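In the form predicted on its own, a lone chain appears below as structure tokens.
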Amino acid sequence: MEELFMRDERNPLITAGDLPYQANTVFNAGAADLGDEVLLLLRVESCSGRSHLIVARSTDGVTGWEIEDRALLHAKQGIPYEVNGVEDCRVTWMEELDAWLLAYTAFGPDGPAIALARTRDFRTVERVGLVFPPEDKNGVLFPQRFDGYYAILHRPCGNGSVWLAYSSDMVHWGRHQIVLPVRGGPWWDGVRVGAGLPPIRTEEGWLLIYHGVKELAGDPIYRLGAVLVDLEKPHRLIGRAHRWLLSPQKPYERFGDAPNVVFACGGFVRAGELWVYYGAADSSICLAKARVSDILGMIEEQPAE
């Protein structure tokens, strides 16, 4: 099947062999467009099996990556909810705070949970704290408030759907609602779904790129899809593409620590084109691009039922 996203011919962009120290693998990077350079916040799995987050920079967002040799965020003594590592960071610029907010999975003894941190320079970081207790994953912040409230997407692990919650202070969260339900049955996103990169504002609504999971012969396959939610009420789903936008087809996506996986945490829009940095088979960082107008056209043709 012809897919909407076009892979960069230089994929994979970053593998464990590119790191300045020994590690098992690198994948699932958050992304920030800083104008004169692209910054990725890589998930690196060490040889202990735990993960940490490390900064990589490139002037063109594709080649010449300069990868730091010290983690920006890692399991810290005295923080029990991170004792088993930090994973899968989404990076959101919050204009009113003049800071980047990091929503990440904190892995403690009771399982994965969602935590927040903030940074202005990606050299120092301040933890905001735990948002949702275990088990919960795929935390993604919207870049603005709605009627004075911050909004975050997340997926409780006992539920296959994406939820949304609101908060006035980023500490106390409520008004929980399902915004993207899992479809069930034979659908490509029938087992579970999870939010991907931070929401992208368009005239039609907030564009969300998400991952969907289907079981094939007992093994999961992860693909990327797209939905639209309301500009003023982001808990309201207004459109959903019926087919996926990107699926594991290349050898580097089909073979690795987690076969048949494309998983996006970071991306941004440049000149109407959406750049998506995704983890391939939990073993490398890759890049794919698509026109935002083409993605919206697919959703408009196949609105939510």
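The first residue of the sequence shown is number 1, and the count goes up from there. Keep in mind it's a predicted model, so treat the numbers as computed, not measured.
What comes next is about the form predicted in complex with ligand BMA, which does not appear here.
Participant: Which one, 261, 41, 274, 246, lies within 4.5 Å of ligand BMA in the predicted bound form by heavy atoms?
Facilitator: Among 261, 41, 274, 246, a heavy atom within 4.5 Å of ligand BMA in the predicted bound form occurs only for 261.
Participant: Which pick from 82, 189, 136, 88 sits with a heavy atom within 4.5 Å of ligand BMA in the predicted bound form?
Facilitator: Partner contact (heavy atom, 4.5 Å) among the options: 88.
Participant: Picking from 63 to 71, 30 to 38, 235 to 243, 253 to 261, which part of the chain touches ligand BMA in the predicted bound form when contact means heavy atoms within 4.5 Å?
Facilitator: Going through the listed ranges, the match is 253 to 261.
Participant: Would residue 104 show up as a contact with ligand BMA in the predicted bound form if we use heavy atoms at 4.5 Å?
Facilitator: Because no heavy atom of residue 104 falls inside 4.5 Å of ligand BMA in the predicted bound form, the answer is no.
Participant: Even though the chain is shown alone, can you say which residues of 156 to 174 have a heavy atom within 4.5 Å of ligand BMA in the predicted bound form?
Facilitator: The stretch does not touch the partner at all.
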